[in-house]
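Here we start with a single chain on its own, the form predicted on its own, put down as structure tokens.
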Amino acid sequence: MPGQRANSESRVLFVCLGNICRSPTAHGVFQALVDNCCLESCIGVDSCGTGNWHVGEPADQRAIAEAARRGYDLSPLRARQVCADDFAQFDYILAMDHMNLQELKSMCPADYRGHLGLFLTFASGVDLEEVPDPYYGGADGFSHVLDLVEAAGEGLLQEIRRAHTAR
């Protein structure tokens, strides 16, 4: 949560527009990766949106259902809006698309020393820069988002491990 720095060495924040489809999916998938590697004391995970339309709401039911098919639980997650404190709390702030990255850059303090960028830069073998928004599409869009998020999550975890090994 913003304002509460966990005992984590690295904190990761996933950001999309409404925080009900892409970023909670990334949050749930990456949290599972962290938990499966027993790194929850080293890596903190959260998600939010640049918009405020869905604050306090659960993830989209289609995102929850598709994630559950793959063994991920998004049901406890609730939407929140990005805030200025997030730049003090998170080492990696990862946008799902260029529009949200531009919004984040416009609020980013000059002294932010973390990584602010697109999440898919961590996905090997993926020819996309942006995680497409599945909100107005069918179930296949949510499945595609999961494919992309799983690939990028693996790459991000490797990057964080590599960065901590180099210290």
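Note that this is a predicted model, so its numbers are computed, not measured. So that there is no doubt, residue numbering starts at 1 and follows the sequence shown.
Beyond what is shown, the protein has a form predicted together with 4-nitrophenyl phosphate; the following relates to that form.
Contact annotation for residue 54: at least one heavy atom lies within 4.5 Å of 4-nitrophenyl phosphate in the predicted bound form.
In the predicted bound form, none of the heavy atoms of residue 146 sits within 4.5 Å of a heavy atom of 4-nitrophenyl phosphate. With a 4.5 Å cutoff on heavy atoms, residue 135 counts as touching 4-nitrophenyl phosphate in the predicted bound form. Shown alone here, residue 157 lies farther than 4.5 Å from 4-nitrophenyl phosphate in the predicted bound form, counting heavy atoms only. Partner contacts here mean any heavy atom within 4.5 Å of 4-nitrophenyl phosphate in the predicted bound form, and among 34-42, 127-135, 104-112, 66-74 they occur only in 127-135.
Shown here without 4-nitrophenyl phosphate, the chain has 16, 17, 18, 19, 20, 21, 22 in 14-51 lying with a heavy atom within 4.5 Å of that partner in the predicted bound form.
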